[in-house]
Ligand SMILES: Cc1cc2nc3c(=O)[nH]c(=O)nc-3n(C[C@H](O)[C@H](O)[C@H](O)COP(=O)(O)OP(=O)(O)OC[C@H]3O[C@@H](n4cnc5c(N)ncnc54)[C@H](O)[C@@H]3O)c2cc1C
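Coming up is one lone chain in structure tokens, specifically the form predicted on its own.
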Amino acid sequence: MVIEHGGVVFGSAYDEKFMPRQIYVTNINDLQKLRGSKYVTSDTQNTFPKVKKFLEEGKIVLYTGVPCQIGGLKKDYDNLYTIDIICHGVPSQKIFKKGEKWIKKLEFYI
């Protein structure tokens, strides 16, 4: 509904290195990039300034993330909607990368 009204949806998507990053989409077909659990905190990158820019342009913005990410947004806008994803103590990206390296080493031996 947000996109149908000319808005922007922010959420977590894997990048080319299989690391979750917060991105935004403006096309209904691109929403599929934001689906599914990532099991690690995504990098917010520079999304907060982008959110502010879209809000000041009068666009509707929906931002999904873990509670600490949502807590970083200034919520003084009537056109900002947020969804907190339940956080069960997700690991940092540093631990995620270590796990990835461990799996790659295992694959070498298999």
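Quick caveat: nothing in here was measured; it's all calculated off a predicted structure. For every residue, the number given is its place in the sequence shown, counted from 1.
The same protein also has a form predicted together with the ligand, omitted here; what follows describes it.
- When contacts are defined as a non-hydrogen atom within 4.5 Å, all of G36, S42 and V66 contact the ligand in the predicted complex.
- Only one of K94, K17, K101, H88 lies close to the ligand in the predicted complex, with a heavy atom inside 4.5 Å, and it is H88.
- Contacts with the ligand in the predicted complex, taken as any heavy atom within 4.5 Å, map within 10 to 24 to G11, S12, Q22.
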